[in-house]
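Here's a solo chain for you in structure tokens, the form predicted alone.
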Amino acid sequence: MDREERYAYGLKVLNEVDGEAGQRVVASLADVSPELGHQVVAWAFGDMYARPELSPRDRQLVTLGVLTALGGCEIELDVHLNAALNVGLTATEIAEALLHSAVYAGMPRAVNATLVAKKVFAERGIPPVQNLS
């Protein structure tokens, strides 16, 4: 594929996974680094997210864990928490993944990520998570 075909394909994958939130991220880069926006679409989504070896659901679990571990990624967490819901993860599964990340990433990062999840769940009208053991 040439550059524009990769972008078009990546945009299709981005829309399937992230929807409008992903488009907003790319648009926010347009006046400061349009090339970074292009790479997010063409490389991250057109090449990486489109690989068949992991499902979109599994890729979102990995992404949530990495963003939580990195810390300071609340904007990206917001986008990818929505994406995780879009590709079939439940609020309980997301809460459990963020809880599990506390073991490896630390409690403060897990708390920060969980508070972003709380905001996303509220925005989407998802009731509070219950009965986590």
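Start at 1 and count along the sequence shown; that's the residue number. None of these values were measured; they are calculated from a predicted model.
The form predicted in complex with a further copy of the same chain is left out here; the points below concern that form.
Taking non-hydrogen atoms only, residue 85 never approaches a further copy of the same chain to within 4.5 angstroms in the predicted bound form. When a further copy of the same chain is considered in the predicted bound form, residue 13 lies well away from it, no heavy atom lying within 4.5 Å. Of the heavy atoms in residue 25, some are within 4.5 Å of a further copy of the same chain in the predicted bound form. Taking non-hydrogen atoms only, residue 8 never approaches a further copy of the same chain to within 4.5 angstroms in the predicted bound form.
Contacts between 84 to 99 and a further copy of the same chain, taken as any heavy atom within 4.5 Å in the predicted bound form, involve 92, 93, 95, 96, 97, 99.
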